[in-house]
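Only one chain is included here, represented as structure tokens and corresponding to the form predicted alone.
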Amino acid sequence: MGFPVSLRVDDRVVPDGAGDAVFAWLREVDARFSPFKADSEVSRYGRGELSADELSADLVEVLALCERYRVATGGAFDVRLPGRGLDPCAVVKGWSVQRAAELLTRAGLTRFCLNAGGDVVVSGGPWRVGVRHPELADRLCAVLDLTDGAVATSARYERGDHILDGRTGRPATGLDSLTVVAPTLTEADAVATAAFALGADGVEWAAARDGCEVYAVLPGGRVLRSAGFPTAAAGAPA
């Protein structure tokens, strides 16, 4: 998966194996969907070794989500960029971690926080979730109060200009960071990445999505946030 995953459970009774099931599922996702593993389903499909009729139901679902966001952004979000292999990671991460959270819920857990590389699913709060300052690694630019839901951030500070605008093939540089709060991490993560690919126009686009609230930091430190963004305390850039 390429990122650390942590799980905190605050239920008084935790069924045996509940946490193990989460990590087993994420290891399975890494093996099946990583574009960096030559024998993964994604890699084999990208090379034309599998037909659409031979794909698993899970990959069909992921590719449908990818296409939905490609159309919704006018091509800014695209997992099939020229000169690059099929790479649906921007959807797979949130989708798979949301599935992991649902495993916990089905096991009877009601109070947990699942953190996958800074993208978070919480249940049965109150939980406080920090959003890293895009320029100062030891500071937060926002703190959220959440009971149930998900938070995802797309930014340039960890991996540089890694998100490309599919319309141009060039790095998206119109934002420093963009955080989305949504009912599920499937949506929060995909919307955050798609909006980041859109650049500054992505803030309004993301805020218009049903159930999504947005906090964005633009180059120079200007902050834009939707009215319903659940901020508790802020040390925001000026």
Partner chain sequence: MKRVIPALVLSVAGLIPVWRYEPSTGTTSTTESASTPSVSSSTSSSGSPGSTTFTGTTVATEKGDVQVQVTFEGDRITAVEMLKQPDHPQTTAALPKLVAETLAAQSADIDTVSGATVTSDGYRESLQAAIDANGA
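Numbering follows the first chain given and starts at 1. The model shown is predicted, which means the values in this text are computed figures rather than measured ones.
Another form, the form predicted in complex with its partner chain, is not on view; read the next lines as being about it.
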| request: Look at the stretches 94 to 102, 74 to 82, 133 to 141, 164 to 172 and give the one with heavy atoms within 4.5 Å of its partner chain in the predicted complex. | output: 133 to 141
| query | Any chance Val203 has a heavy atom within 4.5 Å of its partner chain in the predicted complex? | reply | yes
| request: Report yes if any heavy atom of Leu26 sits within 4.5 Å of a heavy atom of its partner chain in the predicted complex; otherwise report no. | output: no
| request: May I ask you to state whether Val223 is within 4.5 Å of its partner chain in the predicted complex, using heavy atom distances? | output: yes
| Do Gly124 and its partner chain come within 4.5 Å of each other in the predicted complex, heavy atoms counted? | no
| message | Need the contact residues for 2 to 41: heavy atom within 4.5 Å of its partner chain in the predicted complex, sequence order, or none if there are none. | response | Gly2, Phe3, Pro4, Ser6, Arg8
